[in-house]
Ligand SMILES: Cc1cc2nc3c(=O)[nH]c(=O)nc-3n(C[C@H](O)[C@H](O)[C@H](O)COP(=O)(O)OP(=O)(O)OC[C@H]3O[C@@H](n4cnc5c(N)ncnc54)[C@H](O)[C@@H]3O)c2cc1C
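Let's start with one chain on its own, the form predicted alone, as structure tokens.
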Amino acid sequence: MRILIVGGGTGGTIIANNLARRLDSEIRARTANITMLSASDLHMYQPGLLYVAFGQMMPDELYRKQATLLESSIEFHVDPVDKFELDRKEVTTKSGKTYAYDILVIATGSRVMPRKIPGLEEGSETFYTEAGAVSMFKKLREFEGGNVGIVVGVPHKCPIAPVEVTFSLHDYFNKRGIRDKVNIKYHYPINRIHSIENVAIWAKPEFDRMGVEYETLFNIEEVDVENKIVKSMEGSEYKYDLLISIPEHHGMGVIEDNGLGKDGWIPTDRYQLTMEGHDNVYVVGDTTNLPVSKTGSAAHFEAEVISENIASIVKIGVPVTEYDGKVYCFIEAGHDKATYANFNYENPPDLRAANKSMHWFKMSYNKMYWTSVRGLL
């Protein structure tokens, strides 16, 4: 059984490692093999970018060599896929090589699309790339006061990020002693301050406590860079001195180019995590079009289901479990406090009051991630 994993992020790496251990005897007997194709030899801990944006981590702390995170039985190549030939059960890479498979896992992730909004790339700071996070920190260090706007495009990776960056900005300016010189205004595209209703209910009084203004039904239309004005499709405007953006995300270009899904999101069975119309193709993490958060935790829980099912197919010919939509998100809430959102398809999150122990749990997870991505947690 030839298992091919395209993408070396959180989901792809956990699946590869879990399968390598579950199928150890089959791999040794050469009745199964696992190959991973990645666009990079490095693996990034993406949640750390927010810490980089506030000077709490250095960029080089975010990376490990991908090969060091994989079980030795996994064949690993830095050779990004260019073409998916699903009917022929093979892919072609940019180097021109062809890889055949019996089971395919697509774990290609997502990308920011600030260029979809005129002026957004030039007129705002963001923390979704290493370069963006470093630039944002430098701008924050130079900032001495004025209007700070937070604007949000949808869909985007890590839905809690707009709330977390708001808390972080409040704390950062407090620590610098200039919070009284800064007006923070949060803009969100729907008619509440977060897409998850219970998060919105929890966050609203917290924003009030911090003195953060907010405006809902604000869908970004354009940024007037010269005059420092961000405009909404609904007709409102905000004049800023510093603009922080959470840009709209798409799936990776190779998915769109191959016609596998609109805007790069692959239509995915919400329980089996297979691509619609292709039972031997699994989709994980940001690449799916599932109605769950695009987060590392969702990718982790999906990866566990996929690896268990693929191993079962190899051993007995059928899958054995389903994904229930489980997501677990830490939420940094300022003053060294955090809470969490734990939910699935059927049960919305029930947020608790933020506390210091949950903050330290999250900080510990930043270190434990490298163990987690090896499938050991």
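These numbers come from a predicted model, not from an experiment. The first residue of the sequence shown is number 1, and the count goes up from there.
A second form of this protein, the form predicted together with this ligand, is not displayed here; the remarks below concern that form.
Colleague: Looking at 219-227, 273-281, 206-214, 153-161, which stretch has residues with any non-hydrogen atom within 4.5 Å of this ligand in the predicted bound form?
Modeller: Looking at the partner contacts, the answer comes out as 153-161.
Colleague: Is Arg21 close enough to this ligand in the predicted bound form to count, meaning some heavy atom within 4.5 Å?
Modeller: Taking the distances in the predicted bound form, the answer for Arg21 is no, it never comes within 4.5 Å of this ligand.
Colleague: Spell out, yes or no, whether the shortest heavy atom distance between Leu62 and this ligand in the predicted bound form is within 4.5 Å.
Modeller: It does not: once this ligand is placed as it appears in the predicted bound form, Leu62 has no heavy atom within 4.5 Å of it.
Colleague: Using the partner position in the predicted bound form, report whether Gly119 sits within 4.5 Å of this ligand, counting heavy atoms only.
Modeller: No.
Colleague: Give a yes or no for Ile306: in the predicted bound form, does one of its heavy atoms lie within 4.5 Å of a heavy atom belonging to this ligand?
Modeller: No, Ile306 stays farther than 4.5 Å from this ligand in the predicted bound form.
Colleague: Just one of Ile27, Val314, Ala338, Leu37 has a heavy atom within 4.5 angstroms of this ligand in the predicted bound form, so which one?
Modeller: None of the others qualify; the residue that does is Leu37.
Colleague: If the cut-off is 4.5 angstroms on heavy atoms, which of these, Gly334, Pro47, Gly325, Pro349, is the one near this ligand in the predicted bound form?
Modeller: After the contact test, the surviving option is Pro47.
Colleague: Residue by residue through 67-87, tell me which have a non-hydrogen atom within 4.5 angstroms of this ligand in the predicted bound form.
Modeller: Residues within 4.5 Å: Pro80, Val81.
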